[in-house]
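The chain that follows stands alone, in the form predicted on its own, written as structure tokens.
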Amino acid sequence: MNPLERQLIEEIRASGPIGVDRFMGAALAHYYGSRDPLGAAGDFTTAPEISQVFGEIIGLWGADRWQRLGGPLPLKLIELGPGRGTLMADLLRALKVLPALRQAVEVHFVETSPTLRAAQAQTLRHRHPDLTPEWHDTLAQVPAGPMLLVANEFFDALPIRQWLRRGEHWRERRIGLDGTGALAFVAGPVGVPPIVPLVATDGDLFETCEPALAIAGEIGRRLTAAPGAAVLIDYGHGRSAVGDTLQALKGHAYAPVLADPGEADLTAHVDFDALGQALGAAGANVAALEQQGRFLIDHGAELRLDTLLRGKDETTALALKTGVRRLLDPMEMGRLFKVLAATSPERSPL
């Protein structure tokens, strides 16, 4: 039993079962605060670490958005949950197609992990030494103004709540103790989810993520107040629907969700329907949801790969092709991962 698990068990014994969001928040705070979870030596790998083409296409998308917005300067380039800073480094390289934009951007990272902040600083210091990013614990701390905002695999790691349908009522699923004193899921009191699915029957489980809705609302308000665009990329579903998607990853393999809290990555599928509604309710112009593979292809991923392959040896070429295929292939990341984009109201369609 690790110290966090002991702490949670003591809390439950003292005050009763806790929400899934409380468990997930505590576990992820310890997890991200104590390690770099990315890469072969970590627990998972994200798209920017798989291929430089991912960040470059996002950068070209941002450059096009900036032009369509009328070229506001200075521009805040914001990334939520920036990992090692790889996406931002590749994105900034692509922005060199518009020198005026590249020279005027201000980089803002929303990141709470000291370990990952250090990695992000090292990446930008090595690849873009002319830029000094600013770090913030929350999006609310980033100064207002024109912006391009990127969030890749950020929303899936926000704490969720789970709701069980029992007859005509919803009961919040909680975490208590079983007969041996170990952590276990239990049914909590009757409650009202902040949003509800169109269809639910007895025994169904439904997930909500209030932090995600709050952040989407904040993004929408910023887009309404000043020219800007945002692109949110994650895995999830396009319609709010029932289902248990909470999972743990450790060493690139699935692990029991309640085992060894704080030592595995916890995620849940993103409800893009709910995110889009929150963005729109705040005034943003929201595009139709796209699959990641189609979005990257439509914005030039295959053309960029062709350019990168020129003059490469067989081994390097195979690695480049394998990485891009993983991003685009519907059987890999191309279909499961989705792209939700938004701009300021009354701007050009997305």
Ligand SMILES: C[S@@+](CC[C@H](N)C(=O)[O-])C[C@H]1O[C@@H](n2cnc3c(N)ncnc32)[C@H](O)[C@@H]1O
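Just so you know, these numbers come straight off a predicted model, no measurement behind them. Numbering starts at 1 and follows the sequence shown.
Although not depicted, the form predicted together with the ligand is the subject of the following passage.
- Relative to the ligand in the model of the complex, residues Gly276, Val286 and Thr343 are all farther than 4.5 Å at every heavy atom.
- Of the residues given (Ser240, Ser113, Thr123, Gln162), Ser113 alone sits with a heavy atom within 4.5 Å of the ligand in the model of the complex.
- Here is the short version: of Ala226, Ala184, Leu205, Ala157, the single residue with a heavy atom within 4.5 Å of the ligand in the model of the complex is Ala157.
- Heavy atoms within 4.5 Å of the ligand in the model of the complex are found in one stretch of 166-174, 186-194, 78-86, 123-131, which is 78-86.
- When contacts are judged by a 4.5 Å heavy atom cut-off, Thr46 counts as touching the ligand in the model of the complex.
- In the model of the complex, Asp137 approaches the ligand with a heavy atom inside 4.5 Å.
- At least one heavy atom of Tyr32 is located within 4.5 Å of the ligand in the model of the complex.
- At least one heavy atom of Glu153 is located within 4.5 Å of the ligand in the model of the complex.
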